[in-house]
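Shown next as structure tokens: one chain only, the form predicted alone.
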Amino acid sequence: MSTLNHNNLSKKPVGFFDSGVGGLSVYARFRKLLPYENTLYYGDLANMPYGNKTKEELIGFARKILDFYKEKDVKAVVIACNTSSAQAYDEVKNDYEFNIYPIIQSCAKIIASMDYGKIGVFATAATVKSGVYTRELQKYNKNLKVLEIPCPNWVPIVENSRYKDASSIEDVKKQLDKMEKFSPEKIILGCTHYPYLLSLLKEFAPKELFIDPAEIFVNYIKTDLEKSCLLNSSGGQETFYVSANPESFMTHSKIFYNVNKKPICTQ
């Protein structure tokens, strides 16, 4: 491929999507690491939360968003959502010409190589039901023992800033007590919201026990774009889209990223 064609491809945007604002935790790390990339972010607020949806519904949501990004002529799409990565990625990964980066599958190989014997995972009910973390981690380390525990109340705790509520503290401690019986060497925070609970989690366990996959993920994407000669060296435009409730997106996004202009509603 000519240098000119590579330059044209590199300037195409990278798309991100999640059910709402949680994926902005990945997006924020990406923007910090690769500030010259042109980026699009899609929050599917019309269908949130994803954690209690069926696999068929999640595949449908993913296809609709990926079709949207196909029209936007992106060079890659980042599934900044553990639930979509778990339930939809394998069904859609071969149906598009651009690269699709799922957070779980992209991180599993790296985490599995870290030479641990026991890994715990906190995730949404849909992610845990899929068993994708266990499956993907053991694909690269068959001797690795994995325990996945669903934490359905944690997303609302983060989005509503209920960190000091007695019920929130009780719920976090309850899940950690379950996990401690397994004695994991590390615990993956398997939802993009969960790293924002570290202020609570570290009250009951060492901060070093937890893995935030977002940091591993964005470095993986950077390396892959670099190998494909698709890194952009002069850009940095960003656009935000939602399927509903742009005002709500603006309000809740402040937890994760400074979105300085109202997102475009696609419906």
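Just so we're on the same page, rigid core means the largest C-alpha set that superposes within 1.5 Å between forms. Note that residue numbering begins at 1 and tracks the sequence as displayed. Owing to the predicted nature of the structure, the values given are computational and were not obtained by experimental measurement.
Not on display, but discussed next: the form predicted together with ligand DGL.
The partner is absent here; in the predicted complex, the one residue of Val132, Val78, Cys191, Ala88 having a heavy atom within 4.5 Å of ligand DGL is Cys191.
Residues with any non-hydrogen atom within 4.5 angstroms of ligand DGL in the predicted complex fall in just one of 160-168, 175-183, 113-121, 80-88: 80-88. Contact between Val155 and ligand DGL in the predicted complex is found at the 4.5 Å heavy atom cutoff. When ligand DGL is considered in the predicted complex, Tyr50 lines it closely, a heavy atom lying within 4.5 Å.
Residues of 16-31 that come within 4.5 Å of ligand DGL in the predicted complex, judged by any heavy atom, are Asp18, Ser19 in sequence order. Superposition on the rigid core between this form and the one not shown places the CA atom of Glu159 2 Å or more away from its counterpart.
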